[in-house]
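We give structure tokens for two forms of one protein chain below, kept apart as structure 1 and structure 2.
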Structure 1
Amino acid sequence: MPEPPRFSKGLDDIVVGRSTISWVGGETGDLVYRGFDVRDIVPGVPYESVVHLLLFGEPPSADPSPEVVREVAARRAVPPSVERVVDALPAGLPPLEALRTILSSLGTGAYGYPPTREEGFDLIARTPVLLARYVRRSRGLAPVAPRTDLGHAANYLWMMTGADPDPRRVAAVEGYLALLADHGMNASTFALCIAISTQSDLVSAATAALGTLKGPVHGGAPSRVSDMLDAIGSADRAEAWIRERLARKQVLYGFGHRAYKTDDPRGLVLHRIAREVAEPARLALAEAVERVALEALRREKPGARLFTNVEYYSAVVLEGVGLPRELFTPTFAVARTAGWTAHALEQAADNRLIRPDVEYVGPPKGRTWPRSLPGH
């Protein structure tokens, strides 16, 4: 009898391929983009240059990347047919729900297989433009036209608010986008790669990725961190609130990560960014809650190796730049379009249909269909 295939629920420790794009060091607390430690390049390196690194494999000739700046700015103009789809969506949808439909509307039939870098630039450029258009119309405001003289982060804030964005907020959003641009073979990227492996198109694959990112155990929890901080309210209430939460076996949002068994490097950088844009009282509350939570987790779950994850200070940063909570995960998607594009190109360059096996544990072969059923 052949040995049964190895079983790993959730594909823990299963290697599904090889990649040159990014490395997640879960034991060491590393995140590396094509050999560059993110802590060495963020903040500082513009998002457009990070996109260049992910899509071309090497740093650009100048910061921000002239090629990416040119391509993304030129592609912010959206076809009228796609704008009509956005405008037809009912007001009041959660922006993440709207964005799923908006992304799929980009699939006009012009995209095919294999995906191209140019199609990726379309995805990167148009996702925030269409998201901002929907959000403003949903609020009863006139859409704001994109500007070609602004960088990616600045144009995103401009289209959301209709006002020239504060440079500190632009820098914070740029840092956030760069840190969230890619993260190895995470769930949404895996969903995208599965779609590409079938020789589907980039828009369909990105829509599958966004549907996966929507789940709160992948990308949907930053707003819950804000809700948690609101519920605690003040530092002196943190210990009792957290003790009661843990006693009920409930989750502390912003703590623990499937990959990292030490500090999440993105969270460390976002903490620094938060000091530049967060309201001082809000930052002080977040820092106090973090200290109490980590102490409680180590006391209540010894050996669990739970640390602050990327979502915790993501919430504080995105609050600080003025984005409402319903835009936290959509903004995550805006960032991740770069990584999705890079992985789609890499998957297609050496493609094989992704089709894992499953261990059957049902009744054995040989059952007989009951002949007493009506109709026999």
Structure 2
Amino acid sequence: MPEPPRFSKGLDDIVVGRSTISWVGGETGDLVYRGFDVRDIVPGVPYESVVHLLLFGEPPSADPSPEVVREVAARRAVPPSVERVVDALPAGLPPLEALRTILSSLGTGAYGYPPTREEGFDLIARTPVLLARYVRRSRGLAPVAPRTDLGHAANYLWMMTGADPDPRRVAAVEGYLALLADHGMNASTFALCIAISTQSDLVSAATAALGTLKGPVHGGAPSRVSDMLDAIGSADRAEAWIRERLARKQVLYGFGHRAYKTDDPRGLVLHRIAREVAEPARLALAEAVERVALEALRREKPGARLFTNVEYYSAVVLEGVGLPRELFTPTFAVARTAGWTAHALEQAADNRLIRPDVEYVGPPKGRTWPRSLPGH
């Protein structure tokens, strides 16, 4: 017998499917990719091997995954027709909007339904390449051609800067990408799954995901952590700044998460990575602000269980590797293309249109239009 309809505005208490990709343990502070705790494999496992794990279900035969290295490197060269789209975009477009626009333009009919792993490699390979091309162009710089001898993280930094990247920075980006590669049924992944559920294609679904990632409640806020640290300026001003902010009922960026009611495991690893690449004074400021913020939140919102989230040390790490703030969320997208691909494949393998209901509470049926209508 069918169950009665259930009302759930945020879908917190609704399980939309079964997944073997990742497990978010909100109470215990766990993030597990196909059985591997992210804290056990990051730093250390190259991003290409994490992609392999997510897309094939098992670790590769060697690190970095030979299959993924080959597939992704081979797909870095993009057709001139795509480069023309990149170069025609208004230079003032924010990089995340530009990236979404460029990825959308890849839908030339070559991507179909069901999505394939090969299409996923395309998406994963091209996202950083096209983003870097756009960013350089919008700054008036000549494009830097991709290199096939570099790993995913190193090539990203190379294409942004045109210089051989510092190995510590490469390692930090590698760790960041691995930690952000997937996260259960988050909002952008869910939007992607809805698109796939209509039998749309991977590129279309990825644009749906990117349109969703932009919101500050999901992926659009790490740059606000940097803005907040700037506004505070020095550790001795943290207490007063945070007190005033909370008194005005304003949010502190980088704290609280829908899923985690304890430390976000990604945040703990990113904090360690930040120690390797952040400017020491900036790291000290971030640590002091974090300490004061957590004390204040516990005092002012007892029982709310607000902890440092992934965005806080994401911002410190991405600052530390030299990326400007408007690239924080686009770099999150670079990482998440792996998880999006894995979820698109999983959704298509056991597909059903995702179409919820709403309760209509408007005027009852039977109103009459106030004027006589032609044709009636």
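Because the structure is predicted, anything quoted here is derived from the model rather than measured. Heads up, when I say rigid core I mean the largest set of C-alphas that superpose within 1.5 Å between the two forms. Reference numbering: structure 1, starting with residue 1.
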Please identify the form predicted on its own: structure 1 or structure 2? 1
Once everything's superposed on the core, is R18 shifted 2 Å or more at the Cα between the two structures? no
Note yes or no: does the Cα of R367 move by 2 Å or more between the two structures after the core is superposed? yes
